[in-house]
Structure formats: C-alpha cells, structure tokens
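The chain below stands alone, shown as structure tokens; this is the form predicted alone.
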Amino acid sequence: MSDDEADPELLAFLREHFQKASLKPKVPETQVLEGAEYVYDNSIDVALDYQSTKAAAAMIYEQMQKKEYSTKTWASHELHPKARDESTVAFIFTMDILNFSFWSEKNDDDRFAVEYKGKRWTGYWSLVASLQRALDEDIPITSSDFWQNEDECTEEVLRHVFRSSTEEEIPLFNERMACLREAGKILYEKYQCSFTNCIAEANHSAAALVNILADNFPCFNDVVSFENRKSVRFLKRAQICVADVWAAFDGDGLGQFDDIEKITMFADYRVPQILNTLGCLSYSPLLDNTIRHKKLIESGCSWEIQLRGCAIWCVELLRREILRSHPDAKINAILIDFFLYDSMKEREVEGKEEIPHHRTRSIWY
C-alpha cells in the first residue's frame, strides 16, 4: 500500500466510531447560562462586584441554612397546592403560563389585588390566589379544554377569575387570555390536553422539558438578540415552570429531574433588584437614574438584556462560591433564586427597598 492510499482498517475504525457517536443520544442543554455569560462579557451598563458577590454568597448560605430552605419551602406557602398529583401539575402549568408582569405604578392601596380567604394578595401571589379562588368557585381554570372553549371560557369569565379588589385590573389581561388560548390549542394538538405528557416526553430531564416548552409554546420562547449574538435564551417562565414542578414534588415522581442543576435563576426584575441592594450588581449612572426614577425600560432593549443576563451570571457565581466553601451543600440556582425573591419581597413589605425594581412590561416576566 502506497503512502497515498487510505488504510482500510483505519477507515473502518473511523466509520464505526462516528456511527456510534451519531447514534449516541444528545444530552439536552438549555443554553441559558452560556447566553448569560455572553451578555455579561459584553455589558457596559451593568457590572458585577466579585468581593460583594463573595460576601453575599456567605450570607445567603448562612440564611438558607438558618431558615432550612429547601424544595419543601415551595409547598409551605399557604397558596401553593399541596397534592403531589396531576392536579398540581395542571395548576403549575396554568400558573406559569400567566406568571408575568404584576408590578404597578399605583400605591399599595390602589394597585391590582385579590381578596381570598380573608387576605389581600398582590404581585405574584395575586395570580395564585386568583387561580385558587376560581377552583373554589368550580371554574375549571386549570383545564386546557376549558381555555379552548370560547363559549365557556369567555372574556367575561376570565375577567371574573382575575377580578380585583381595587379599580386597577390585572396588567396585560388580553395577553394572558391569548397565552391561555394558545397553550390550550398546542396541548390539544400535541400532548393529548395534558402537560403531564410534556413531562413524560422530557424523560426526567429538566433541560429537555425547558426546551419542549420553548420550542412548542411560543409564549414560553423568551429569546433575544444581543450585540453579535442572534439568540440569547433567557426562558424565564419555561425554567420556573420546571423548577416549580421539581419543588412541588420535592424532586420525586413527576418532579424527578436528573439534571436539575442545568436550570439557572429566573431572569426577572426582583432578583436584579436585590443583587444591586447587596452590592453584587452595579449600574451605569444613566441606567441607575432611570431605574430610580421608575422610567420604563423597553422589553428587549440593551439595558434590559444586560440586567437579566448579568443577574443570571451573578447567581451562577453565587452558586459556585457557596459550593466552593461548602462542597456538600444541597444548593442550586433555583433555591438561590427562590430565596432571593422571597427576601426582596420581605424587604418590600417592611418598606426597606433601597432601589426600585426596573420597569419593563412584557409577557416574559
């Protein structure tokens, strides 16, 4: 055999190798974290302070240990469903289809609020209270069959479901109604009217379920372009939907995901707010002034993308720092996010907000 001739044994080996590689199942990835790192690397209006992040990681871990923060914390909230069955899966899917944009420019007495079981609920909890109240009234609000039936699930019925105890109605009502209709149609066409079938298709992969939501349900496809990158995936509601299922089932049964660590924090407006309060995130003077004066920041603009992307990357650094100091800690970005969100809401109730959250009105968060 001359030097110019191919070695048949080598060719056979390479052919076998690449055939096996092509048959090997691909490991699902959400690409959220790599997109966030790209945003951080190219941000000019949002920066991270590594010393403050290191100090915050120690504080967060200490407080989470003190409060025994875990997946069980999710179900301990009085409004979250307690059953570990398909009714809870349906509730979570409905909730996270609608889980966006609850902030208001009005004061606490006049903002959108829901009266339920003798209490007044605002923000995210107004949504959960609305759904629980509707179920108590025998309105099948968590049924995708109901969402599709425009004779039964009318605009009037949905306005009743989300009725407010104040004059301000729920923000983006028409968009929420459209999201329900769209999701109901897709569940009917692809998943036999059951989100449980989406979970089964994901085969215990959190990343796969996030991708199923983003790829099949347009209202979950939270993707932007930034600088030279055409696709930066934030997927806030898709990720939090998976995280809610995981937490509700304590990582077992329908909530068993073998790669739950692939879920990042959920890029919204509350976590950047507390990360700035803790000194982990800092803003350029113009952005800082815009946020402090509660001026609207358009969805998809550079500032908003930087705020969301840098927050994801910052929580990832918090997670790494905690695990560096406590290698055996049972912690991930989901639990850190839940803790930071709850902590910021506590500060809000106590009147201890040092900076407002940024104002962006969109269906993505």
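Every value quoted in this text rests on a predicted model; they were computed, and no experiment measured them. The first residue of the sequence shown is number 1, and the count goes up from there.
Just so you know, the form predicted together with a small molecule exists too; it's not on screen, but the next bit is about it.
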Point to revise | Non-hydrogen atom within 4.5 Å of the small molecule in the predicted complex for each of Tyr69, Phe266 and Tyr365 | key: yes
Check your understanding: Just one of Tyr124, Phe146, Tyr188, Phe173 has a heavy atom within 4.5 angstroms of the small molecule in the predicted complex, so which one?
Key -> Tyr124
Exercise for review: Name the residue from Lys262, Arg233, His80, Arg133 that puts a heavy atom within 4.5 Å of the small molecule in the predicted complex.
Suggested key: His80
Check your understanding: Closest heavy atom of Phe249 to the small molecule in the predicted complex, within 4.5 Å or not?
Key -> no
Exercise for review: Spell out, yes or no, whether the shortest heavy atom distance between Ile240 and the small molecule in the predicted complex is within 4.5 Å.
Suggested key: yes
Point to revise | Exercise: Val271 in contact with the small molecule in the predicted complex, heavy atom 4.5 Å | key: yes
**Study point:** Partner proximity in the predicted complex: Phe338 to the small molecule, non-hydrogen atom cutoff 4.5 Å
**Key:** yes
Review point. Want to guess which of 72-80, 85-93, 202-210, 158-166 is within 4.5 Å of the small molecule in the predicted complex, heavy atoms only?
Key: 72-80
